[in-house]
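There is one chain below, alone, in structure tokens, taken in the form predicted on its own.
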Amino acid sequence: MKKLLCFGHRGAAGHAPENTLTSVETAIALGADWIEIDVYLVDGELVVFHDARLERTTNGQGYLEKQSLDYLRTLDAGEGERIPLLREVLEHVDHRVGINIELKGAHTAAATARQLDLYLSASGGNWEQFLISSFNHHELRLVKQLRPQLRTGVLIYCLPLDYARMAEALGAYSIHPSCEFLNRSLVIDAHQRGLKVFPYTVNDEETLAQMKALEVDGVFTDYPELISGVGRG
């Protein structure tokens, strides 16, 4: 049986404040093969954050992209954690696991490509340690134009009429469908097109069993130990 890859969703969001260095480290400790984080561009820096607004996960207020970087760095992102920069996450992970960077905000494709250029030139490693995903398929197309060697993952919420055809057309490596809408036909179609299938977000044994039965290649989870078995029993 093939290994099911474990993507720690926003680090290990079920255990630590999401998208923080502590959450990332927790996911690694719990056996994640990859960690997934989200990025926006603010004042020329890529910040690691999921929501458009600050209120849910920080003590700040307002839309993230309308704030200054200096202000964002003063906020508590949970348990005393700061909102990290992408470069800080890259340095912290230090090639120990793969990193899936989800492009959330505008103009993040080019900025992410440049940041990875700088990181890889300074620290070594290879482009296959990274996977760039987004619901914004225009940004994914730009990523492939700028850095054809970067793997991309097409995020999908619905069940597309053409199944995985649009991901193949974008030159993607994988599709990342919602587990709520995933069916066997989409998995088969993706695999026939040479694409991996990594559904989100799988947080219980019953859903995990369903995903395994569909023969997906990996899953996103807030609880990496659910897939890795680390620290369980």
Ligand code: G3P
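All residue numbers are counted from 1 along the displayed sequence. Only a predicted model underlies this, so the values are computations on that prediction, with no experimental measurement involved.
Unshown form predicted together with ligand G3P; subsequent notes refer to it.
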Choose from 204-212, 65-73, 30-38, 185-193 the stretch whose residues reach within 4.5 Å of ligand G3P in the model of the complex, heavy atoms counted.
30-38
Residue contact check: W127 to ligand G3P in the model of the complex, 4.5 Å heavy atom
no
Can you tell me if R53 lies within 4.5 angstroms of ligand G3P in the model of the complex, counting non-hydrogen atoms only?
no
With a 4.5 Å heavy atom cut-off, would you call R147 a contact of ligand G3P in the model of the complex?
no
In the model of the complex, is there a heavy atom of ligand G3P that lies within 4.5 Å of any heavy atom of K104, even though the partner is absent here?
yes
Residues of 138-158 having any heavy atom within 4.5 Å of ligand G3P in the model of the complex, listed in sequence order
L155
